[in-house]
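Here you get one chain, nothing else, as structure tokens; it is the form predicted on its own.
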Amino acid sequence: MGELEPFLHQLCDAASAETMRLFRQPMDIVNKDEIKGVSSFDPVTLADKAAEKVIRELIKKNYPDHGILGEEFGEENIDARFCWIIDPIDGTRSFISGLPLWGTLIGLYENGVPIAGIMHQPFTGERYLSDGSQSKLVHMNKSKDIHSSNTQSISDCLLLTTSPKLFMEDELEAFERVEDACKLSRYGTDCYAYVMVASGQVDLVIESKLFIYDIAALIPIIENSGGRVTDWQGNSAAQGGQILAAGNIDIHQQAIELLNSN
């Protein structure tokens, strides 16, 4: 594990060279849903593909026996003991809108269990990471430990989600029960929401329909800062799905009860 943090930074350096070259620049955007014949908008850019390509190349060069699962180029050797989970640009909608609320997500699983991860926002230069121990923020050549919130009552909570429109009807009703109980809610934050939980800025994130690469890197960052990440029933979130991230176990339990009350 001692060599892991430098390697995570190496991966982010390579990826950011590709993403920042195209951020806030004219670019071609492909709608993956249109290709599938679905009438919705799921964008991908050259930056997504180029960033994932360089990440994969470095992993295969340094850890040829490890597996890789990425959003853009699929899976390789995923039955290996160690498997890297990559989302080169989480928040592509923010990326193409010029908003710095996207990030590169790189997680590491051991036998299906999240053990390390990093979220890098290249425009601001922030890197939130955990190498399996304490979570930290690395920014402007300084590193500091981060800790999630100790808010005790859900009525004092700040809640984030990417968009309520992503919920199914019954999911939206469950989300709104929590939202109505909280002090404040904000939308449109993608992966940035989760590192705000890890750093104690907000208390809750509730989302649905996440893929494994949307959450893999974020679970260790939150849980090693003192928070908790599960599905809406309190089970493992390691494969994605309905996601609840909370700053501490007390707020997590209060949110679980509201999500599952009828």
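In case it trips you up, residue 1 is the first one in the sequence shown, and so on. Note that this is a predicted model, so its numbers are computed, not measured.
Unshown form predicted in complex with a further copy of the same chain; subsequent notes refer to it.
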S236, heavy atom within 4.5 angstroms of a further copy of the same chain in the predicted complex: no
Contact label in the predicted complex: L204 to a further copy of the same chain, heavy atom within 4.5 Å: no
Exercise: K142 in contact with a further copy of the same chain in the predicted complex, heavy atom 4.5 Å: no
a further copy of the same chain contact in the predicted complex: H9, any heavy atom under 4.5 Å: no
V138, C83, L158, I115 - the one with a heavy atom within 4.5 Å of a further copy of the same chain in the predicted complex: L158
Partner-contacting position among I146, A174, I96, I154 - heavy atom within 4.5 Å of a further copy of the same chain in the predicted complex: I96
Triple contact flag E126, T162 and Y192 to a further copy of the same chain in the predicted complex, non-hydrogen atom at 4.5 angstroms: yes
Contact segment among 220 to 228, 46 to 54, 196 to 204, 63 to 71, judged by heavy atoms lying within 4.5 Å of a further copy of the same chain in the predicted complex: 196 to 204
Residues within 4.5 Å of a further copy of the same chain in the predicted complex, restricted to 164 to 185 and counted by heavy atom: P164, K165, E176, E179, K183, L184, S185
